[in-house]
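Below sits a lone chain in structure tokens, taken as the form predicted alone.
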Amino acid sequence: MAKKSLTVLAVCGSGVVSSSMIEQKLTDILGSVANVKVIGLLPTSVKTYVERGDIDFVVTTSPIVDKIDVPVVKGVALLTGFGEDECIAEIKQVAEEILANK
């Protein structure tokens, strides 16, 4: 059976550096259970991407001010290492719930 796919937004203040680090972490965390497509972007672009559809959840290191209708995981722990295990557990839980409904 083919792996299901997840599309995740990696959000950081610059849209590049931290989101690239998050992308690698998400691939490491979820790559065994799903094909993971990660899109790195700025907080101001999140609502537009989510409204287009096909976004499963968001991992962010910056505040997202717009209200969106997909799960949002605060991902600062993936960069600092403090609370990383809890953050990874939350990412896995969110991903499992989404994949169960696909």
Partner chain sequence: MSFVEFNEKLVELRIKAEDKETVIKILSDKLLAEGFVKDSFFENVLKREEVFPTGLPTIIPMAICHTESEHVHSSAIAFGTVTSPVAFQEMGTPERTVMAEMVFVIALKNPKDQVPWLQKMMTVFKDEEILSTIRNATDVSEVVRYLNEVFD
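Please read all numbers here as calculations on a predicted model, not as lab measurements. Numbering follows the first chain given and starts at 1.
The discussion below concerns the form predicted in complex with its partner chain, not included here.
Within 4.5 Å of its partner chain in the predicted complex, do we find a heavy atom from each of Gly31, Ser32 and Val58?
Verified in the predicted complex; spot residues all out of contact, no.
How about Pro71: is it within 4.5 Å of its partner chain in the predicted complex, going by heavy atoms?
Pro71 lies outside the contact set for its partner chain.
Test of understanding: in the predicted complex, would Val17 fall inside 4.5 Å of its partner chain by heavy atoms?
Val17: yes, in contact with its partner chain in the predicted complex.
At the 4.5 Å heavy atom threshold, is Val94 in contact with its partner chain in the predicted complex?
Answer no; every heavy atom of Val94 is more than 4.5 Å from its partner chain in the predicted complex.
So in the predicted complex, is its partner chain close enough to Leu78 to count as touching (4.5 Å, heavy atoms)?
Leu78: contacts its partner chain in the predicted complex.
Heavy atom within 4.5 Å of its partner chain in the predicted complex: which residues of 36-62 qualify?
In sequence order, Pro43, Thr61, Ser62 come within 4.5 Å of the partner.
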